[in-house]
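To begin, one chain is listed below as structure tokens, in the form predicted alone.
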């Protein structure tokens, strides 16, 4: 089964925001944003800009017709700065002009006098000053305080992970059009149409039923358009609400990089204790999350860090504390993995640190502590584990012992090149951790010619969700997938949607589609039974034909559909799905928050140039827990993409802000992402197929986010190669592992001399 969008993608015919034909009279917006990370606005002079060619209007906070607030979880983020700016890139004014060029030209004529105040960019400094986004949260299992005495080995350390730029191909943007009776239609590049609808309603003062959001697809999202798309839609909507003319704003790449938040950087402390048999007895971690200047989605991201603090290991005594720290950076936000990778990096760092101190391979500790079915997570849920199955299959399928022997031979034969290997097992929970968000609706129409149209709340952003939803209908009705069409995602057709995030989109919207299709199928079977003088239980649909007890009849799919219509039987169904069984009590920090977990194991090998500090990823060999994959082609694509994005986060992608809070890695000349030369030379993927019941659509487990965590293994493979060259090297656990950091780690004595 191919991706249904492949044909139009390869022909350049797929419609994105910038492909929508513009209406006559369309205006263009451009934002004047703060050049100061923390300061007081003493004067804002718009006079020259207002007289600039083609300028129609300039909006500020004084033009807000509703509420100057776009904060979702916590109402702490103004759309426009009023008196105080909190980060470089914070919107202060919006120029509306007759063309994009004229709007950008006018923005340069705005003059602002801002009294600069000291900027905080480090979460530990923010914590020391009491600058918190919300109170700290802790997950506790057992009792670490009393468990340390039972530990033969105890190790402590620190681990840091930087942010990550989303770098979606399609930048942020929106196009607002006035509709009848003061309503608005907004085309938005968003993962969360309902979130945009709520935000526009809040800012303009219009009720939600007068705000229509429509999305055909995104040119990438990765979490960066889950919440932050709200800003640009709200700006365009406010302008259209004032001027009664269409307004469009598509950000320039450097605007997007400067003004939007990234993956949350974390600075963490850990303490790990093992018994004589290398079982992990106790683990404590404190995560200092850099939220940026406002909460955005950081509270939920922080929560998922806690959910994944033990990765795939059973530890009987755990205390994990997470603190969201407010800094003067753009509000950081969701990014593939949503806090999980940051937590998993810390537990992996603690295991590697312990292994190095004990003089053993980290894999020895990893394997001994993999979760078994029935083990308990720190948040109270009991696991149905595939961890050991994935590990064992990877070890045997990819002949891990032979790989280790080959690496040993290579390293003994080469002085200035070394190879390293790391195992990376993963466990990732699937569901929104905010229970109420685990719901979806689908609207299915069967037309009288037998074709089918489906509307859901799912956003297609390259992950193939439309294909999987179309497969659901095609399989249930037993018709070719070409007879199924996915409509745009529209808040007037499907209301109150959850964002396309948390790897839950196919499950939630696919299940709703399944319910709708099965309801329609039951109606059609009753019609067929009446026409064929039998009972509905004996009717089957197969390849557009109707069968009775496996015997083909003369009745076809199209004839059946038309007969149902003629009998005035409804050929439309609107269905609702809410994930059963899940719950979580935040007052106790206990519950059953996930529908299921995805497991996997990756074996990563690298080759390190010990003169230059450069490295190549030789191979990543993966066994991935897919359940019963309904589309292996799409799932393989997601695994490959997630893996490489994780490798980028761990190696090349270094976000740099200076002490004044200005982004220095603000273009593709200064911010590096993996290219064809940086990706693994070999990516091998094998699926662990299981027939166990789970809550996934057709038992096909989610695949959007979990593969990113395989990329963490590359960091530790590089570290292994460094220590093969210099066993005395003990580099800080500080990702990304850029070639510059690697070179310093190879020669720590020389690095110390240079520092002094």
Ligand code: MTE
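Positions refer to the first chain, counted from 1. Note that this is a predicted model, so its numbers are computed, not measured.
Just so it is clear, the following notes concern the form predicted in complex with this ligand, a form of the same protein that is not shown.
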| property | result |
| --- | --- |
| Contact of residue 343 with this ligand in the predicted complex (heavy atom, 4.5 Å) | no |
| Non-hydrogen atom contact residue 192 with this ligand in the predicted complex at 4.5 angstroms | no |
| In the predicted complex, residue 95 touching this ligand (heavy atom, 4.5 Å) | no |
| Non-hydrogen atom contact residue 463 with this ligand in the predicted complex at 4.5 angstroms | yes |
| Stretch in contact in the predicted complex with this ligand, which is absent here, among 58 to 66, 699 to 707, 38 to 46, 25 to 33 (heavy atoms within 4.5 Å) | 699 to 707 |
| Answer option from 457, 661, 163, 223, heavy atom within 4.5 Å of this ligand in the predicted complex | 223 |
| One residue of 248, 241, 336, 86 in contact with this ligand, assessed in the predicted complex (non-hydrogen atom, 4.5 angstroms) | 336 |
| Contact set, 623 to 645 vs this ligand in the predicted complex - heavy atom within 4.5 angstroms | 638 |
